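In the form predicted on its own, a lone chain appears below as structure tokens.
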């Protein structure tokens, strides 16, 4: 397990956001804590995959938390970041996530938690945080069952009416629609082959793509589940090739097979077929070690699409990018701004009601509250889901060898 700590020290670049009465003010030089009087030491916990093949996702997301803590001070408090790694052997692991959230619950200085990144890790963590009344905000979880319906209720049995989990990413019942929209309306494919990694996020996303593509008028030639330990997709691809799909969609993340599947498509003579996936493969440029574009290879990168369950055209994108780059010497990742937003919301609550866990939980989950964040105005519904239902569309750019944003779509109240 990797353990990271960061004090609230002012960064070298200041973000400029729209001011509102409920938003913390940017930290002056010197960082968090009030002027005279005593200063209370508190922590924002973080649980993300921070090693191995998951680092391209978890690392930039953690940096979003760090940047917010560097830039926003709350008088009377000194805020640090306590980060736990939920990756085991380079892959996100629900059991490790459960251990990590228990560690954070048992630290009385932790008043809120950002994370996790992966939906099956969230399934393991939500019952623990709900029982403890420790609020979590995920920047990236998208599986609908974490919050909605009987599945969501089953995860919060201890305190069913006290939501202790919110998210600023919209859900896969929307993201799957966006993937189908790209395949059918952008690419123009009328037939598709679907593969999922059989995990909570991957299968759920692929199932929605499947039904949405059919609803648009397309045909699914086959839909196969292949677990994260599969290393040879040859037999699946051979069978699929015989059915002449015009598009291949993968539900899962890079480390559970996305990059390898695309690479083996090229080896099987299927590299000319357009390929798509969700935010699980939108994890960095071709130069980023262990990213989808890096593993898929120069031929596999071509004609590939991905979606991110978050707004791309944030209110002040240049300011955020400049501040992030000044702090970390690289561009932000897909969910860096989302993690910053989660942290903004927690610091807003800390300023409003103090560090008592129940007070923070109740404040954050009050549906009437609106938060001015780096993502724009956000509120949470009774399930803890964000009011933003925006999906961003990306395509591989052969010039930059990176994902290039080309469109975002607001699905309104869909899902």
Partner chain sequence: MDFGLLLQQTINALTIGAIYALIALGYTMVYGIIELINFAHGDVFMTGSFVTMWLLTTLGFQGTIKDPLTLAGVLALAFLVAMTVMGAVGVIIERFAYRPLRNAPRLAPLITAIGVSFILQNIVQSIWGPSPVSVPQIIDVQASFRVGGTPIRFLSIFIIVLAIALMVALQLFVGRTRLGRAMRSTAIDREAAQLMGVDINTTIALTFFIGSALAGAAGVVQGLYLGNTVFTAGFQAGLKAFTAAVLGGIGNTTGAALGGFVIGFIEVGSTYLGYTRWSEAVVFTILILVLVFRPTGLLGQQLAERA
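Since this is a predicted model, take the numbers as computed values, not measurements. Positions refer to the first chain, counted from 1.
The discussion below concerns the form predicted in complex with its partner chain, not included here.
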message: So, residue 330 and its partner chain: in the model of the complex, are they within 4.5 Å at any heavy atom pair?
response: no
message: Given that its partner chain is not shown alongside this chain, does residue 156 nevertheless sit within 4.5 Å of it in the model of the complex, heavy atom to heavy atom?
response: no
query: Given that the partner is absent here, does residue 151 sit within 4.5 Å of its partner chain in the model of the complex, heavy atoms only?
result: no
message: Under a 4.5 Å heavy atom criterion, is residue 90 part of the interface with its partner chain in the model of the complex?
response: yes
task: Choose from 82 to 90, 163 to 171, 135 to 143, 104 to 112 the stretch whose residues reach within 4.5 Å of its partner chain in the model of the complex, heavy atoms counted.
output: 82 to 90
- line: If we test each of 239, 319, 326, 186 for a heavy atom within 4.5 Å of its partner chain in the model of the complex, the one that passes is 239
- prompt: Considering 302, 267, 131, 216, which brings a non-hydrogen atom within 4.5 Å of its partner chain in the model of the complex?
  reply: 267
message: Quick one: 235, 263 and 290 and its partner chain in the model of the complex, is every residue within 4.5 Å by at least one heavy atom?
response: yes
- prompt: In sequence order, which positions of 197 to 224 have a non-hydrogen atom within 4.5 Å of its partner chain in the model of the complex?
  reply: 198, 203, 224
